[in-house]
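So this first bit is one chain, no partners, the form predicted alone, shown in structure tokens.
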């Protein structure tokens, strides 16, 4: 049943872990013959990502007795402001990706999946190691940056130009982007009037207007109704068929198994397993609550 949405200004939230078979047989794309992989498109060598969190309360300190609001506002001592904590989000991850390969990245919330993806896309600096990429990379996520005060029309133009399309190419793809996203007449309204689903669909449509060499997707397929999810999967298969490389972060086992031949399993920032999708997903599911023996 297709979803019905009213325009709202709320931001999309990270989905809870739902590693279940959420696709019906009709939703699954037809099985294809294994494609011969091409040359390496990305080499990840012992990558570590660390970042700092400012203003965090030190571990082990008591919050039973809090100072007054006035004192907290005007006391600028280090004790009042809080401490600086370092998060080691990705720990020594290494792998090689090739042309024509679809790679799923799985793990629990906080495992470092999205952080790793952002580092591979060049949007977050890594502390140690090296990443070598051949060709253009593009990160597609439900929180992809668009300007909420501008109309969908203006965001399509700006997003297309940011992807490297010419003004003429943006104009040629404009109707296709609007139709793919399904926002219809709302394209003339500001983005902050959209529901989270409408905004996410438009982000997906803009981001895939130009097929990159390496496409990275962070939970984008979890948005929209069943029809849009099918269109999204078809678009990803189109990228792969054009000798691209696809990375997919998802909590859905069905989505990962239908879209990816290979899976990376992260836990606490470490690469636990790298192998065929069915084998890695089966091993991961055995560690989830309710599945442990």
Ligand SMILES: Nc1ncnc2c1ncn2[C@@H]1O[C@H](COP(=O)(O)OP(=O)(O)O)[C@@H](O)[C@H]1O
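Numbering follows the first chain given and starts at 1. Remember, it's a predicted structure, so these values are computed and weren't measured experimentally.
Omitted from view is the form predicted in complex with this ligand, to which the following refers.
For the options 111, 214, 146, 163, the residue carrying a heavy atom within 4.5 angstroms of this ligand in the predicted bound form is 111. Residue 53 belongs to the set of residues with a heavy atom inside 4.5 Å of this ligand in the predicted bound form. The closest heavy atom approach of residue 87 to this ligand in the predicted bound form falls within 4.5 Å.
In the predicted bound form, residue 115 approaches this ligand with a heavy atom inside 4.5 Å. Residues placing heavy atoms within 4.5 Å of this ligand in the predicted bound form fall in a single listed stretch, namely 101 to 109, out of 101 to 109, 177 to 185, 163 to 171, 130 to 138.
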